[in-house]
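The chain below stands alone and is given as structure tokens, in the form predicted on its own.
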């Protein structure tokens, strides 16, 4: 049995042909070409013809091209309904374009329109709570003539009112936070994926690709989350691990963990999901490189002219590969910035807070200090099995940021997806979860 997998990235379109025999997945061949941005189907057709001359038994494809699935989230409380909305958006495979706490102002709506998201997700209020601000936010969105899709996943008691505001031009689903501190984002994530298939695929130029391959696309992060989930379930020694997917436009971080809580410390906010994903749209090696260098450590004694000139070059040609020693150094710096900042944003933190009973420690977010394994994947990282984030050449991940202790991995074993297969294997993680999980772990080096 032969399985064809294709992933359309913002910079490269990748494909692999796998064989499946007696429940064992193996790689037959792999190829990649620069993504044909103007017509995505051209690159897909080229990859398909290179990998197989006959019809494979099964085909799957994913895409993060043309900005992926852009989502703006509107919520109320930063650490509760808004965070729940972010978790649902991340789980759906989307990229957060903007987030808005405490409802929505007109300036916030203007920001949303300027960033052209595909979907606006409105959350907020437990069932029966905080009606006024949610209704006002929905009214602001409706009056803005936002051309995309609106998904409502807030206070279920006002679903009918919300539907009337949008004249039924809204997709309504269950409240992602029906009671204080609870989270049920699965249905909202599923709805967003369905919207992606029914309304966004054509706009992203994936309709023709669907015709060529004969199957529906999924957002690339969904394939990766399915793979992380399968590895967690079917590999006994991989129950607590993380992965960094460094791409041209975004840096995605995934973690599988049940060890979120620290003994003797007060936890604030929503409980973390077993499989967590965060995506940073301002951290990438090519499409987002201009934003990436804005996240550099500010050091007045450092001359950043070289990396700024390099970013100007690669911004004009996203497929440009570093050749000289200096160019390779600049790319390593970009990778360092992406990994450092995306990891710091993904993990939780502990802050000292003064109360009437004295000082207490408050934890927010995921505790990854004892993370056992960390996988590095992505087109750039697949070239360097010696790339280290825990060495003298890499300043490492700081323990303290803005007086808060960051719950970052201390000494995980580092593994490399040096054949850059994980997104391609992930396309079959739902069809063959155990085989995909086994092969994904087997394919790593390190």
Partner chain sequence: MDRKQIVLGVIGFDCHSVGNRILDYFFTEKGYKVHNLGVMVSQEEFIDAAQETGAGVIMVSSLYGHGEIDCEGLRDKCIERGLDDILLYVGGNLVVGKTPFKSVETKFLKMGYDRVFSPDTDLEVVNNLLIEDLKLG
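Residue numbers count along the first chain shown, from 1. What you are looking at is a predicted structure, and each value in this text was computed from that prediction instead of being measured.
What follows is about the form predicted in complex with the partner chain, which we do not show.
Though the partner chain is absent from this view, in the predicted bound form it lies within 4.5 Å of a heavy atom of just one residue from 327, 131, 282, 111, which is 131. Checked against the partner chain in the predicted bound form, the candidates 341, 140, 126, 189 yield a single residue with a heavy atom inside 4.5 Å, and that residue is 126.
Within 4.5 Å of some heavy atom of the partner chain in the predicted bound form lies at least one heavy atom of residue 77. The closest heavy atom approach of residue 102 to the partner chain in the predicted bound form falls within 4.5 Å. Heavy atoms of residue 180 reach within 4.5 Å of the partner chain in the predicted bound form, making it an interface residue.
Proximity of residue 353 to the partner chain in the predicted bound form: non-hydrogen atoms within 4.5 Å are present. Contact with the partner chain in the predicted bound form, judged as any non-hydrogen atom within 4.5 angstroms, is confined among 162-170, 217-225, 114-122, 79-87 to 79-87.
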